[in-house]
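Take a look at this single chain in structure tokens; it is the form predicted alone.
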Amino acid sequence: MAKGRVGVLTTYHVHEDGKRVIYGGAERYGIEFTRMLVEMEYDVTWWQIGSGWTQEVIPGVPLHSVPLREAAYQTCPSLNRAFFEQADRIDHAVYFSTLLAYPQAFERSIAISHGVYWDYPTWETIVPTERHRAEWRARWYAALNKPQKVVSCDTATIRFITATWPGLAEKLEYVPNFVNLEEFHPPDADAGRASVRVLLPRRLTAVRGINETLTAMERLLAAYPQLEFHLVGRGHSDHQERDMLRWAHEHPRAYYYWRPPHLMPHVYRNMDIVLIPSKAAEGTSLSCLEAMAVGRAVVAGCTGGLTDLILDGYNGLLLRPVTVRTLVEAIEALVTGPDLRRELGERAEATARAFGLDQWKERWRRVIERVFR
């Protein structure tokens, strides 16, 4: 007999048309989170924005779509209310993005923060005046205050919330993201090849540093004939991915492709350097943890939860700011310094052991048992 019925509300687990699968960190997090709830003997159902279709998150766990698209101040009040009505038979609720808990939340509920998301310049266009900013703060405070617990994957968000609203400190739980150490581990022996392979395992978005990375790649490919660059990630559209294929075709030793998550361990093990050049809106990146677990030298942006993972110069290199110049300098140091690559990779692999999937599940189980019992 199931312990209870859990409803999970998100914005997009798959594209709203129900056809395009999203392979981002949040979606992979959602799959592991669902598996954990099922292992704990809960019945789970998901809701998201869509056109009325129903799919599955994992076999046996339905994902219903709600034909609503309202989004004001990064909140979705109509989606929130529809969830409150359609999920009326659930016992517990999880708001997969914190602001989805506005304007109302179930009594026994948890909200999840996947990291600070407003730390990029164009945020000012969303809240252009003090009146807009005041409304956003009011909605966010309400979304944080209504659930029984708010679980954050990084300490940057916790520090911001506790400094802004000290009274909310008791609601916050820190559960950093995970890496499956059984799948992501160093190879038995590194290939003795002459080339140096650099991997960007990220979505093709400006906030993930794609523009600076492409320019840095052009300069480095011209300067170092032993370099290869591999861009492995989805775009937001087929058109964007076709553009990236054309760009790679025009640059020898640059390759663009994507792989589903279960094939990524092989990709990491065939690389030497991994780039996580996020400029904003980043939690404890799954891609960063996976690269670390495989023992690769990581170059990361100094933002969000990445600073919970990387100590600059010890187990990776942090860039502040992320620019073409800082990227080129960091990659050059690793290309010309094989000993540095090896040392950073070994320390990264040791660090990643503290973020295993089993530890993540145990931290989450303690939160769930307190809130849902």
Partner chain sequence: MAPRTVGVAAEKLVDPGTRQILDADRWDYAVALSRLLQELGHQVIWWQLGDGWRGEILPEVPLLGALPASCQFLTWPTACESFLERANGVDLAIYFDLALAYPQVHEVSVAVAHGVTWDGPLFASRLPTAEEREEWKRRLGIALRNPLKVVTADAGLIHWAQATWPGLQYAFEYIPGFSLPPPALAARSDGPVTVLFPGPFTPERGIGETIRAMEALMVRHGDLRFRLSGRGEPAVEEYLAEWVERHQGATLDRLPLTYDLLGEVDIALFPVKSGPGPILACLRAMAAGKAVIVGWAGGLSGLVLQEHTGKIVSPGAESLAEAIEELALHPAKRRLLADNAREAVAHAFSLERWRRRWTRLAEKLLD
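What you see is a predicted model, and the numbers here were worked out from it, not measured in a lab. For the two forms, the rigid core is made up of the largest set of C-alpha atoms that agree within 1.5 Å on superposition. Residue numbers count along the first chain shown, from 1.
Heads up, the form predicted in complex with the partner chain isn't pictured, but that's what we're talking about next.
Flag Tyr257 as yes or no: does it have a non-hydrogen atom within 4.5 angstroms of any non-hydrogen atom of the partner chain in the model of the complex?
Although the partner chain is absent here, Tyr257 would stay clear of it in the model of the complex, with no heavy atoms inside 4.5 Å.
Should Arg325 be counted as a contact of the partner chain in the model of the complex, where contact means heavy atoms within 4.5 Å?
Residue-level check for Arg325: yes, a contact with the partner chain.
Would you classify Thr303 as touching the partner chain in the model of the complex, given a 4.5 Å non-hydrogen atom cut-off?
Output for Thr303 is yes: heavy atoms within 4.5 Å of the partner chain.
Is Ala333 one of the residues lying within 4.5 Å of the partner chain in the model of the complex, judged by heavy atom distances?
Ala333: no contact with the partner chain in the model of the complex.
Which of Asp119, Glu228, Glu218, Glu241 has a heavy atom within 4.5 Å of the partner chain in the model of the complex?
Of the listed residues, the single hit is Asp119.
Considering Pro62, Pro338, Pro67, Gly313, which brings a non-hydrogen atom within 4.5 Å of the partner chain in the model of the complex?
Of the listed residues, the single hit is Gly313.
Heavy atoms within 4.5 Å of the partner chain in the model of the complex: which stretch among 96-104, 245-253, 122-130, 71-79?
Every other range fails; the passing one is 122-130.
Does each of Trp47, Gly52 and Arg203 have at least one heavy atom within 4.5 Å of the partner chain in the model of the complex?
The answer is no: none of the three residues contacts the partner (heavy atom, 4.5 Å cut-off).
Looking at the partner chain in the model of the complex, which residues in 24-40 have at least one heavy atom within 4.5 Å of it?
Heavy-atom contacts within 4.5 Å come from no residue here.
Using a rigid core superposition, assess whether Asn211 undergoes a CA shift of 2 Å or more between the shown form and the other one.
Yes, because once the rigid core is superposed, the C-alpha of Asn211 moves 2 Å or more between the shown form and the other one.
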